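Next up: just one chain, as structure tokens, the form predicted on its own.
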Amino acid sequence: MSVPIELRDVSHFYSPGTAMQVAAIKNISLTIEEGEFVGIIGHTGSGKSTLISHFNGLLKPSKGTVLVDGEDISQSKEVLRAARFKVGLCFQYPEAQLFEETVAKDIAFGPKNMKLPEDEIARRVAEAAKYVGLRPEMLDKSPFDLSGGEKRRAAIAGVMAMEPKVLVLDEPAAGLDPRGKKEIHELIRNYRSRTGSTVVLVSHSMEDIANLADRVIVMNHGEIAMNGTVDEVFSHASDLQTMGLNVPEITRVFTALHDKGFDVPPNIYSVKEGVRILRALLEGGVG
């Protein structure tokens, strides 16, 4: 399996060489493999956004090496440019960056920068709009005439239209109501299912990560505190809470039951799974 992103001993300092120097991330080594859905969680200021900004060279490491498709992205401008198309980043509130006359032109911005033929750009715009659930008639509208959720989807479509090998989303559902949040998560899930692309989702919500990701990286004070499957990470609920993360309520319930001696796993994060286990427990005569 190929490795689209690899970080080797990467650190990043803000205000380096001054009394205000801060290590935002420290000695990070990790790989993200092709086809993975990786969740990155951590408290505010844990280094999540700084970390992902290294994935395509938006930030240059103070020390260490970043490789995309096996190439050190600092070796040349050409390799760096290619990396920025291979790794598509979508930061919080991306709709604030919409600026074109029409939704179609906004979605086409990335592919145009890739200097693709017009027919290929048109194909990508239509495909990306379909991924995010924007109807064809919306493409001729001004992006400023869309609802908040539609603007968010249009902005995400602009990154998807570059057809990156890795799609990186930083809190993509931030500020949306529950329905909008559910729609964004569903479109991400469908995008990955249809394309097989690698997806990295950054969130402070353990529940969101648990419902979407295959692997979880937990950031704490600029370092990787945990790195494993959802089950492996969620089995350390008390440690996660100590790091300032809000563990899903259902996980807290099962952790408490486990600690009281009930024969239940502590790493339950789905209400549906919790109901199934409790029903079996009650039917077994344990009250």
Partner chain sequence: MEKLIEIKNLTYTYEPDEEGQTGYTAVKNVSLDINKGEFVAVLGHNGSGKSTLAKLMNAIFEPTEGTVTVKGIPSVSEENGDRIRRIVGMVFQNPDNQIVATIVEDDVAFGPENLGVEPAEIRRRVDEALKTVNMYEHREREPHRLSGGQKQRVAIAGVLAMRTECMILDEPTAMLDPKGRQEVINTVLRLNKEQGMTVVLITHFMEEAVLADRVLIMDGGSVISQGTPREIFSKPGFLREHGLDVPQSTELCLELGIEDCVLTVDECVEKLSLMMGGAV
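The shown structure was predicted, so the numbers you read here are calculated from the model rather than taken from an experiment. The term rigid core refers to the most C-alpha atoms you can superpose between the two forms while keeping them within 1.5 Å. Residue numbers count along the first chain shown, from 1.
From this point on, the text means the form predicted in complex with the partner chain, which you will not see here.
Partner contacts here mean any heavy atom within 4.5 Å of the partner chain in the predicted complex, and among 251-259, 27-35, 215-223, 230-238 they occur only in 251-259. Here is the short version: of 141, 204, 185, 192, the single residue with a heavy atom within 4.5 Å of the partner chain in the predicted complex is 204. This chain lacks the partner; the member of 178, 196, 136, 117 within 4.5 angstroms of the partner chain in the predicted complex by a non-hydrogen atom is 178.
Of the heavy atoms in residue 3, none are within 4.5 Å of the partner chain in the predicted complex. In the predicted complex, no heavy atom of residue 23 sits within 4.5 Å of the partner chain. Residue contact with the partner chain in the predicted complex: residue 266 places no heavy atom within 4.5 Å of it. Heavy atoms of residue 278 reach within 4.5 Å of the partner chain in the predicted complex, making it an interface residue. Contact check for 44, 93 and 274: all three have a heavy atom within 4.5 Å of the partner chain in the predicted complex.
Residue displacement note: residue 10 has its CA displaced by under 2 Å between this form and the one not shown (rigid core superposed).
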